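Let's start with one chain on its own, the form predicted on its own, as structure tokens.
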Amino acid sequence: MQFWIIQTLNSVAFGGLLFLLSSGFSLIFGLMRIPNLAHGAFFMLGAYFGYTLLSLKFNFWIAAIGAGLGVGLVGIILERFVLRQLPGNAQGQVLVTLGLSFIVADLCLLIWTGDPMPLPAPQELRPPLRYFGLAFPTYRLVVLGLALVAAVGLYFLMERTRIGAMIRAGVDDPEMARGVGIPVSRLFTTVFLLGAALAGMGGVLGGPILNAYPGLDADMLPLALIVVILGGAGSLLGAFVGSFIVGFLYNFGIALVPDLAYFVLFLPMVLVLMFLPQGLFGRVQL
């Protein structure tokens, strides 16, 4: 029984971390139609930024915010000076973002070397919580709580604010939106900034669980892709539900059938693509 409870809690906590990564990816992919394959590199870059700030004795939470802003700045540069030159060119965007992910990986290897860099959790969150004879890392529950806060915040931003309404208008009909004075280009830059910053912050928050290491981007990007395909591109609800589904599949797959872990992880994605191409909560393209 203890095994199932601990694995369930680990899966939920990992699902929360995945949401921080995949929500930004889903926003950029679903709203701006940009397949940003550098999103995993943003996550890894955030982890390394966080490691550097923690080495300089910054508070953990300030390091997470600082790393998020730093990665967000990288995202702005990518969107304004590179991707904006490739409107509607999906193939070009894929190649550019894939190339950028390799460049970021090499730069990280050059600057931070190939050794894993541990990011310690805040001191006050290190003692485990103990209930009914079970011990569970407090920090993972905090990550889950932060993911829930991020989900509620993004929902209100996109569905209950004027900015969210303008973003949706810009996505549905950019020419009409520009015609009524909506700054579509600036809003899209804001969306890209938000998505990149979430990935960067996710990298720091995931640091005490995963560490920062070469190849972290390649490990996390496929998980984000599966989440978006399962949940539906551009759907925050889909990213939320998909993150927890993948969290469960990933943790239980590795624990129960390690030789078939990837089979368990990717099979639902294949089935969704076959029978529900828009994802569980994505909109049908007419």
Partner chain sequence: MTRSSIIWLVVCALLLIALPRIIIHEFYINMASQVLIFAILALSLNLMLGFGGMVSLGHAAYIGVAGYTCILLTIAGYHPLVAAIVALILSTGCAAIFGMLSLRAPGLGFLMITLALGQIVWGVAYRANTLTGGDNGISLPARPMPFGFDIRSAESFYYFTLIVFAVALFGMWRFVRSPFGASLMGTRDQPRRMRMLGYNTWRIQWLTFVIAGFWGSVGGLMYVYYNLFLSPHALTLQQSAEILLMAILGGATSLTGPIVGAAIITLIKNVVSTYVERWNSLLGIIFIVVIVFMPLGLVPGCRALWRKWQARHKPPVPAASAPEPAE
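Just so we're clear, the structure is a prediction, and the values are computed from it rather than from any experiment. Positions refer to the first chain, counted from 1.
Absent from the display: the form predicted in complex with its partner chain. The rest refers to it.
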F102: touches its partner chain in the model of the complex, heavy atom cutoff 4.5 angstroms: yes
Would L273 count as touching its partner chain in the model of the complex under a 4.5 Å heavy atom rule? yes
Although its partner chain is absent from this view, report whether A63 comes within 4.5 Å of it in the model of the complex, heavy atoms only. no
Can Y250 be called a contact residue for its partner chain in the model of the complex at 4.5 Å between heavy atoms? yes
Among the candidate stretches 142-150, 166-174, 202-210, 83-91, which one is within 4.5 Å of its partner chain in the model of the complex when only heavy atoms are counted? 83-91
When you measure heavy atoms, are F14, L73 and V191 every one within 4.5 angstroms of its partner chain in the model of the complex? no
With its partner chain left out of view, choose which of A197, V96, L187, L154 has a non-hydrogen atom within 4.5 angstroms of it in the model of the complex. V96
What residues, if any, in 212-230 have a non-hydrogen atom within 4.5 angstroms of its partner chain in the model of the complex? A218, D219, L221, P222, L225, I226, V228, I229
